[in-house]
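The chain below stands alone, shown as structure tokens; this is the form predicted on its own.
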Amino acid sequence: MSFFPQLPSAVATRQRRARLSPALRAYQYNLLAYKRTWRGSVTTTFLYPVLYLAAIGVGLGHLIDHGSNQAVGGVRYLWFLAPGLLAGTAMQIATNESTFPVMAGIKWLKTYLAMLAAPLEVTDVLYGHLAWILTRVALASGVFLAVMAAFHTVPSGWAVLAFPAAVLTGAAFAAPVMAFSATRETDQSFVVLYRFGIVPLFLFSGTFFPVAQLPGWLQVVARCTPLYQGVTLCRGLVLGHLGGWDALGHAGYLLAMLVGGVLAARVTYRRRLVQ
């Protein structure tokens, strides 16, 4: 029999929360907020991959293949397209979550400032939000891979590694875009970012057609982009055509983007949030 009285449940709950790391507390805020809005994203999370693969992969792919199973890159067009869309979707979600939500945290809703009023540091706010963005990317990537399996576009067992590859692709965009967003005063810069950055990358980084079909100088530019690295990595893993050293090279490029973005975000967040 214990000589110490049991703590009330409310006190015990507060003590458990106090043991959470500060960055995890910032992550927990985003998770709790998402519990109120998740229904609005379920439809698009499931619907977008189905529409993309059905309309472009199956519909347009039927015209491209012309009865051949090796029309694009030695495979059917649907097989070529699906892993590229997986990486492209990871980029889009990471960018979406790294632009307007960051500005809302700094300027509109000021949730970042509220977190800093608690015993949280700037890096805690940054890491907590980045972890949440990668959670969103992971959820969408997992659903996309499941839809790809339903469309029979995962011929290789290495396709399971396309999941972390897609998350890494999203991370390579999330961190630098967060660093950029923290320096903005209005959301007009995000329009420019999407129009002259994200959309061209989505269209010309090997997602819909091989970059070898681009003009010579544009091929060089395309191969240097982070989305091309993610598309090639995901496609090679899904199809089982990627060598080990090539995979490490693409993953290393994306990891360097992530690390550089985090270091830049630490500077821009501190300059913006610490007066």
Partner chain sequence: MSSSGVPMLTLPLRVLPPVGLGRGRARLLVERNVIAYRRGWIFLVSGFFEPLFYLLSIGLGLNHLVGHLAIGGSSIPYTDYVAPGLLASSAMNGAIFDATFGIFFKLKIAKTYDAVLATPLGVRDVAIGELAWSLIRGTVYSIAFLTVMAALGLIASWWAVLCLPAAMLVSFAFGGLGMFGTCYMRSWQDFDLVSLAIVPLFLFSGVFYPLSLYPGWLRIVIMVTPLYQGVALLRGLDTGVLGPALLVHACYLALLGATGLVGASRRLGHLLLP
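Between two forms, the rigid core is defined as the largest C-alpha subset superposing within 1.5 Å. Numbering follows the first chain given and starts at 1. Keep in mind it's a predicted model, so treat the numbers as computed, not measured.
The form predicted in complex with its partner chain exists for this protein as well; it is not shown, and the discussion that follows is about that form.
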His62: heavy atom within 4.5 Å of its partner chain in the predicted complex?
yes
Answer for Phe46 alone: is it within 4.5 Å of its partner chain in the predicted complex, judged on heavy atom distances?
no
Applying a 4.5 Å heavy atom distance criterion, does Thr183 contact its partner chain in the predicted complex?
no
Given that its partner chain is not shown alongside this chain, does Arg195 nevertheless sit within 4.5 Å of it in the predicted complex, heavy atom to heavy atom?
yes
All three of Pro200, Leu203 and Gln213 touching its partner chain in the predicted complex at 4.5 Å, heavy atom to heavy atom?
yes
127-135, 173-181, 72-80, 151-159: which one contacts its partner chain in the predicted complex at 4.5 Å, heavy atom to heavy atom?
72-80
For 46-60: residues with a non-hydrogen atom within 4.5 angstroms of its partner chain in the predicted complex?
Leu47, Tyr48, Leu51, Tyr52, Ala54, Ala55, Ile56, Gly59, Leu60
Can we say the CA of Phe46 moves by at least 2 Å between this form and the one not shown when the core is superposed?
yes
